[in-house]
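What follows are structure tokens for two forms of the same protein chain, given separately as structure 1 and structure 2.
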Structure 1
């Protein structure tokens, strides 16, 4: 960890005001000995995090840092774009919205858009929930092949609420239905008395995938309201997929032919 910490300290020396640095600049900014500075700069250059001008011998951020920054911006852009659209849906429906990502067989909440209804369901950012038991979690899993899903789900299938899939076969049946209809719903699963509808969104550029859902009280929400949420989310999904180049059709075809 000390080597990594020292390398990060050097990378932090670069900024818009200091786009390139000499060997002496790095030594002065970090206070590190000549031998350590030389070794770290050489390692950072060799792995692509830094580049060295062959004429001036000055260092600047390398291609790898640019690629990592581009991926980060693309991921953040995907989430920000989805959040803007989700805010509009939540404002119209009054329900709470979520954006999450997959981590193994779990989903992790990244963003929350509170609704205006008096009864609001809020899971804090960072909260983990089995993706097998949520609408947006299952929507994300449905974009993966059965083999990919099997690799994520523990060999001892997790204990889930009774309305959730109780074994791997039931899970795949639910996911196949999502793949066929494009509709993913949950009720009385991760939280008793709470229902939700969700979909998955994938960037055509980076392959990053997020799950978007709107949640509501099962008892306090009418069938007409749930149908309206379904229409709102379908329109939102269609718009975002056009904007992000979401390869939904290609993913579906690969899963159906067993090539993914």
Structure 2
């Protein structure tokens, strides 16, 4: 195991649920002996990847991660183009918009567009959630082959909220529905009372894929309003697919005929 692997193992212990860790936390989470933890933590601190609160002595991501994080896809065409369109939809509908990328079977929020409707933002940028339990996450998964999906989902299927697919078969059924209808919807999954609709966008040039969703309160919206969101999203998807040269049709054909 290389020094870098060990370092990453420590860095991956941090999350929004655990934004800072004590020496003992890191030891417990990595299962490494004290001396190794000590050395590694010191290296990470010295190089700026971690910093240490001088008062509580706890460790947290450092200045270097802040700097690099600001650089991440700072001028990514696909994302900024999608963000621009999403802003307009959110301004018209008043709902909250999200842009996320897929990482394994999880997604990470990249951008958020707060709506005018009062709905607490619970998923700030950087937030990591199972893609299986969100509308845009499933929309992204739906564009992968079943084999690829199987490779991403952990051997023991994760415990998800009530309304999310509870096993691999249910997931595939749900993804097939998205592939057929082109619509991905979620309600009362990750967060009680919150629903969303989303789609996946893939650049024809770079092949990178992002998931775009609009999120709203289930109680505070009518079926007509949700249908309006569906129309808005369909129009936005069509426009963005044209602009980015999304190879959707070829993809769908390949998946349906089982090629590749």
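Residue numbers count along the first chain shown, from 1. Take the two forms, superpose them, and find the largest set of C-alpha atoms that agree within 1.5 Å; that set is the rigid core. This structure is a prediction, so every number in the text was calculated from the model and none was measured.
Here, the chain labelled structure 1 is taken from the form predicted on its own. Once you line up the core between the two structures, the Cα of residue 10 ends up 2 Å or more from where it was. The rigid-core alignment places the CA of residue 45 2 Å or more apart between the two structures. Core-aligned CA deviation for residue 32 between the two structures: 2 Å or greater.
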